[in-house]
Each structure stands twice: as structure tokens, then as C-alpha cells.
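Just the one chain here, the form predicted on its own, laid out as C-alpha cells.
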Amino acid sequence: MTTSSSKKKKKSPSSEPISSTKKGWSAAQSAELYGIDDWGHGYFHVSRQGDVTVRLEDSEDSLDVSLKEIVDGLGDRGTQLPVLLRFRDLLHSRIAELNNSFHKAIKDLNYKGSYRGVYPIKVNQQRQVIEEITEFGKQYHYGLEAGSKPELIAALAHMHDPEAYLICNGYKDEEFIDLALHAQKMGLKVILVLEMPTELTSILARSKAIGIRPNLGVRVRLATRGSGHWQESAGDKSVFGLNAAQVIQVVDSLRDAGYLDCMKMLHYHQGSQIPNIASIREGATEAVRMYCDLVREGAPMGILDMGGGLAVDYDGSHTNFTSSCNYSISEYCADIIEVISSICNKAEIAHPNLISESGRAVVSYYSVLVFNILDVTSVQSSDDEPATPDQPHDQLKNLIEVNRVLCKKNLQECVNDALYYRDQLRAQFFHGNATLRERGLGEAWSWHILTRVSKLITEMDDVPEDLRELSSSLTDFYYGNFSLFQSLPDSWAIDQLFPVMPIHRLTERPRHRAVLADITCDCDGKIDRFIDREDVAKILPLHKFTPGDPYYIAVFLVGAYQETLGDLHNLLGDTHVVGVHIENGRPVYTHEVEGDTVADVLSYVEYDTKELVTRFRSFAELAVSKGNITPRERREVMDLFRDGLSGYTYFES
């Protein structure tokens, strides 16, 4: 088990110079460079032909399908990029792995309780997701967790398994409580979780009015904190749950009201994406001791809900780094079972039935965002020496001299001098002592020097830290046909790392250091932090982009939260969505959902598209009356305006 908070300190492929002179390149080297076998969980691979493949399988078939071929097939059918691909087979596989791992741990450790998972709808509320989870999950009596009235309504419409749990978290008004109690009366295993002490009065009042004794749970606020980005979800500063004193008050209130027998479940949540298994064990230890004492207080209990927290190894490092985890699903299940059973055995308390609310771990692999590169702005590198004027500026002479003496032995000194003389020349221009042409020549020479330095670095075994930083700064901007804010909001908001790589041309060596920019015209609309085995990479190795030749990039593991957290920055809407699975040994496209049109997103921000057409028509007619355009040109521009309203919000080829 890894316990260090830092990643493995071994040389990673992404830290190797991209412009290495090694002969040849293979698909296997690309797989190692991008770490796909580390984070792909056996679902994603690189084929010998150099395409990223996804392994789809059902009860009878198993097939590695090229993502490039899927995208090409969609293009032939008229679906343009960007597109979100959903793979239901991966969703089924994750549900099965989670349930089977718990069942195996229960059997191996002679645990006396059972396991029932529930999916927290907030992680991805899309109808297709809920339908597939409830349908496939029937065999495991897999339930749902609702944290709001809309989520409860969605759950009640899709989950009717009387053996599965429906957990009701969040703040609850009277209508929410009534719906939950009626669903319990109709035969569902509904549990109303007390998030705050004041909810108890409302729940008891409505249960008396409806004529049913509620199934109650209490969410406790653990003193044990989690780890990772969301560690504040637990601990004394947590905004959710009841502290120990409040839990006792609830017990006393239920006893006084004659409803203590309704207390069935203890619920706790340490936060999302907990990377360290030690934190999970500590949280379970505190929670199960509370559970045992509630049994001693006279509550029947019987259920322990561990909440979420099961992490996803986004970067494949298998460490307790925030974008990784130092444990597997099977280890998670075994450790939970071991902790709970040992404490209950010592306390002579019956083993509780277990519920987990794993969302991220279930749906992350399910979705892949694919987009095309539209253009590239290359770093101002130059292999050829710039021109030298007959009477160069003094600072330009200094730069030319730096270039003359540059060699491996004095790289750092030459870099320092080149940057100094470049800045001096800029200062001279600012004060009127150098011309724009002289400044331009100075910058061209400085870029030429830095280009030479970058190439010399690739021939060195040990590269000083400052020079590595310099090499990383020589990056190209690859402009992708997507919106970071719409499709990858966590990348912008909380620096979440997602695996990113090209899905084809992987038998070619990627020689360009790149940063990905979206089409939002926002300085934050870029991805400049990438997964790496050692730390966080500042560049992504990509291939040369040639206008006219499609170049496709994919962002993986985006099934959790990204679809529902996205916003309308620059009025770029939802992408196209396509579900892909296999039948009879071939991929099948299903659940094709067209992305937002321009009219759609304008209506979201309160524009009336008919009024927009009327306003623009009036403006066009005014232009005709002024003689600026002809009546025929008015018709052409009106057609363009209407076509624009009905078009995709993203770049259309």
C-alpha cells in the first residue's frame, strides 16, 4: 500500500524530451507516453494500428472498438464534433465490479450483513444514465440517492424495485417529505435522512398525517476528516450532518415521541474522491463506533450508509495524490468490511447491512469527450538564424554573440544572457532608443537561441530544473472545437485533472509541446495541466497539425459531474451525445441526442428568437432603404441569420 503523499519518483515517459532523436516510434510507446494502460482500467487501449480503442462487451460479445472509427462513422451519419460518447457497457462493468467486490469481501470475511449500493443522482442526472443504472442494477437491487425534490421525482419514475433503497438526503420541504412517505407506503425502501435537527419535527408531523411510520436515518458529522480536494466535507467544519450532541438530542426526541423504533440507519460522508485508504478506514472506525452506541441507546438501526468517497485513478499513478488513489475497489471493500466487522464483533453488535453512495467511481469511465483541432499557434521557434542588419543595435550584437558561444557546457548562462539582452532591448524601445524593427530582430534572435537550447536539452541526461521549466514554456497552442466551461467545468473551477490524448496517429512520435485552448475567447479557456506519473505536466505531447487533415483529441473519465455543472460561457451549449454499445459483434449507435442550437441557448438566457428575427429584418430593411445593400442581399443575409439560429453552437465544417 502506498502511503506517501507524493507520486512515484520514477522517470515518466511524459518527462522525456519530445524531440528525442530515437529512431522509430510504436503504438506501444504512445500507450506508455500517455499512460493509458495505467488510467484506462482495462477499458481503453492503443491498437497496433495507432488508434485508441474502447473495450465493449456484453454477455456474449467482447470487442475493442476504435474511437477514430466511431467518430468517422458519426461523421458519415452527419454528426459533427464535438461529441460526447457514452459507453453503457463501461457503466454496467463498474456497477458489477463494485457489487461483486463487496459480495466477495462479505463472503471472504464471513460478514453477516448484506450490501446494497445506491447511485447519487447529482453526479450525473441525465435520463440515459438513470435509466441504464436502474435497469442493469436490478440484479443487484441497486438503488438511488436523491438530494432534492427534482431528483426524488426522477428516482420515483425510474426505480420501482422493492428490494433496492431510495435514500433521501438534502433539505426537505413538506412536498418532498410527502412524496417520500407515499413512496414508502407504495412499497419502496425509502429512508429519510436527517441532515439537521429541525427536520425531525416536519417529518414526524407529515408521517402522522399520512398514516405511516417513517424509516429514518441520521447523517453524522465525523471528527475524522477525509483527504484530497474535498476533505472539508467531513470534520468539525463540515456544513452537513449532525454532531454528536445533536445526534443524542434526536435520539431523545424520538424516544419521547415514541418513534425511536423508526431510527434505522446511520449515514456519514467523508467527501468525494478520497485518495488515501487510511482516511477511509479512520472514517469507518469512527462511524461504526457511533452506530454501535446508537444500538445501545435502543434504536433498532440495521443499516450503515458510508456515503461516497470511492476514488477514481485519473492519472494512473496509484498514489494518494488528489487525482489518484492508492487502493483498488476490491481493497476498498475488504478494508471497509474488516473495520466494521471487527468493531461490531468486539461490541457484540449485529453486523449492519451496508450502503455506499459511489457516484464518481461508477460513472466516470462512462463518457468520453471528443473534439477536433481547428488551428495551431506555434511557439516562435526558429532553426535558421535571423537576419543581421549592417549596423545592429548594441543589445542585438550581444544576442548574436550569445548565439555564437552557445554550447552544452554553458546552457544556463546563455539562457540568462539571452533573456537579459532581450529585455534590455525592449526597455530601449520603450524609451525611444530602439526601433520596432530592432526590437523585432532582437526577439527573433532570442527565440532562435531558446530553440537551440531546447534541442540541446534533449541530448542531456540530467537537465537542471530551470532549463526544464524553459523547455516546458516553449509550447504551441492547439485550438480545440470545444468549451472548457460547458464540457469540462471541473478542469477550470477546481483544477481537476482528466486524461487527455489524441485518439489516432499513435504510431507517429508526437513532437510538439502543446497546451489546449477552447473557442470561448476567454483567457481561462485552456487546459494547461495534464496527468503525469511524477507530478502535474504543463504540456501535452501532440502531433503536427496540418490544416485540412482531421486531428482528434479525447478527454476521458468525464462521466461524473461534467455534464450537469457545465455553463453557457460565450453561449456555447451542450454537445451532441451518442451512446455506443455492441450487438452481434459490431458497434451500435443509440441514444443520439443533438446538441444545443444557437436558438436553444439564446432562449435559455431569455431571448425570443422570433423577436430577434424581426429586429434584424427591420435593420436589414433600413440598410436597403439607405442603399447600403440590395433587396437580394437582404434576402441572403436573412437566410444566413436564420441558418445561424438553427445551427450548432460549435464550429461547423
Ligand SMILES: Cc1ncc(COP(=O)(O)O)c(C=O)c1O
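Everything numeric in this text was worked out from a predicted model, so none of it was measured. Heads up: residue numbers just count along the shown sequence, starting at 1.
Beyond what is shown, the protein has a form predicted in complex with the ligand; the following relates to that form.
The closest non-hydrogen atom of G359 lies within 4.5 Å of the ligand in the model of the complex. Interface residue remark: H267 is counted as part of the site for the ligand in the model of the complex, having a heavy atom within 4.5 Å. Residue contact check for Q273: one or more of its heavy atoms lie within 4.5 Å of the ligand in the model of the complex. The ligand is not drawn, but in the model of the complex it has no heavy atom within 4.5 Å of D518. In terms of contact with the ligand in the model of the complex, the residue from Q395, T575, S317, N169 that brings a heavy atom within 4.5 Å is N169. With the partner omitted from this view, the residue of H543, R439, H448, R219 that lies near the ligand in the model of the complex is R219 [heavy atom within 4.5 Å]. Contact with the ligand in the model of the complex, defined as any heavy atom within 4.5 Å, is confined among 121-129, 204-212, 173-181, 415-423 to 121-129.
Residues are counted as partner-facing when one of their heavy atoms sits within 4.5 Å of the ligand in the model of the complex; in 558-580 only Y561 qualifies.
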